[in-house]
Structures are given as C-alpha cells and as structure tokens.
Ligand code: HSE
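Shown here is one chain on its own, the form predicted alone, set out as structure tokens.
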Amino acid sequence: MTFDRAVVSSPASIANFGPGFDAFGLCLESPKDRISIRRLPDGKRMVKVLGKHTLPTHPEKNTASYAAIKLAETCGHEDFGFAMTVRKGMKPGSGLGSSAASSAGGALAMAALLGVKNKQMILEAAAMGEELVSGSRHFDNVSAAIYGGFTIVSDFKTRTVIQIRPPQFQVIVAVPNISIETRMAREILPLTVSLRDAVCNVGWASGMMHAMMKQNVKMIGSYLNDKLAIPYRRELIPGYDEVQKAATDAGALGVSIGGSGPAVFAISQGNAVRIKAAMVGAFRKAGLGSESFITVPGKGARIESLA
C-alpha cells in the first residue's frame, strides 16, 4: 500500500558514546527534527527548511531529501516527485547527529509513503544522506536515530546493528557556540594508533556493552573513556577539560564528547540541573556561550501521521 502524505519525527543522537568510535550510538529523546512529505506528480521535487538554521533547499543537497531520493531509487521509483518540509530541532555541526536526524527522517518519510518497512533499506538510504555532508557512509548516528536506544554497528560490511535497551538516566548536554564540521574532525585523527591504545579501547568498549546489558548506569559512566578520537578532538573545544571536571565535581557519572563535537555530554541519575549549570559555567569561564539541555535515551524515529 502507498500513501500521499507522511509526517516523521527523527531524534538527535550521540555517536561513539565514549570508546565506540564509529560503532556506538545513543539515541536521545530530544531534540528532534520533524519532517513532512507529500507526493507530487510529474517527478517534481521541492524542499523547504523551517527554523533558525540555514540549510540547503536543493533536493540533491539537503540530507533529508537526498536520503528520501535514494530510498525511492532503491525501490525502483527514480522519478518519484515530492514536496518536503524539514523543521530542524538541532544545530548543524553540533556533534548531536544533526545530519543523521535529517537523513534518517527523510529516508523513513519516503519509506512510509511507499509502504517500505525494511529497516535495513532505510538505514542504507540514511547513511547515503550522511555521506553527502561528511564524505563517508558511516552508520553510528543513523543507526541510533532509526533503531533507538543504544546501538552497536558490529559489522560494517554486512550493516549488522545490535540494539540494546539502555537503563534510564539523564543525559546533560552543553553545546558551545562554535561549530565543528564532521569532515574536518575526521581529518585530524591519526591513520594508525598504538597497540596499547587499541587494547584500552577494546577493553572499555567491551565494558560499556556489558554495563548496558546489565543496566548499570554507574558502570556505563565509568566506561566513557576513549584513546582513539577524544585526545585529538578535545583540542578543538576550548575549555573541554574544565567542563569535564566541573560536571564530575557536580555529580556526573561520566563525561565525554558528543560525536565529533563540540557538544559535551554528561550522564547522571540525579543532580542534572546542577551538572548543567556547572558545564555552562565552565564554558563561560573559557570565553564561550553555550546552549544546554537535559534529556534521556530515546526510542528512535517515528511515523507520526500517514494518509
């Protein structure tokens, strides 16, 4: 069965989530993108972006519409026409999976119109949207946005995604008023790492998976460490060390960088308001204003209406 209109919500996410570089992702309950799509005749395609953030409106350059186009092409609808409205809920370049939220939402919206329920197809199309802006087809953010909860891309070649329902905890996020492009944040990483650092990350990643399965929030916080990306990316975020210390002193169970940054997040089971204030204050001392919010692990992108 096919439909003419669909509305989808697609959430922010935290890639890497500590030691799981390009593999771990945590879906957030908020913020979210809201994407509306309706069928148009004669192959016409239109995109409108709402909100305070400026994004491309050309169908081949906007991640949401591009992912939708790729999903339609996969299903044999190369000339599928549509009008899409994207209401952005998060700042691009923030480290919260902004492009992934749009890509996942666009792919899911097109899938809803075409009656496609295969999440593997939706995931692949969403990753193509990510590739449009980041230069590589990585799956950590889009997997979290589509499947919800805590996700692990366990096999890149087969696109195998493991989904674990996380325990309930608060996620406190502070986004300083700077932007970091994912493409640039990847370019600063070394092509090789030491055996010692690799072993550290394998141990921490294994511990994180165990902690998630055991629903142990304190243990989850203790494994928010990394040797592969954070030592390099922290230099792109003024005041990162001070923000990390301020959050920990205020009661955070763990602190890390959201994706490629500049978002810094902490997790807790209480004291969330105090932790948020401490993180904002630390960024202020470093000369940066910041936006901050408190959320929880989310359930993933959802079709809100279909007609």
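What you see is a predicted model; the values in this text were computed from it and never measured. So that there is no doubt, residue numbering starts at 1 and follows the sequence shown.
Same protein, other form: the form predicted in complex with the ligand, not shown, and the subject of what follows.
At the 4.5 Å threshold, heavy atoms of N16 reach the ligand in the predicted complex. At least one heavy atom of G259 is located within 4.5 Å of the ligand in the predicted complex. Taking the partner from the other structure, the ligand in the predicted complex has a heavy atom within 4.5 Å of a heavy atom of R233. Contact annotation for K88: none of its heavy atoms lies within 4.5 Å of the ligand in the predicted complex. Listed stretches are 117-125, 133-141, 153-161, 202-210; the contact stretch with the ligand in the predicted complex is 133-141, by a heavy atom cutoff of 4.5 Å.
In the predicted complex, no residue of 279-307 lies within 4.5 Å of the ligand by any heavy atom.
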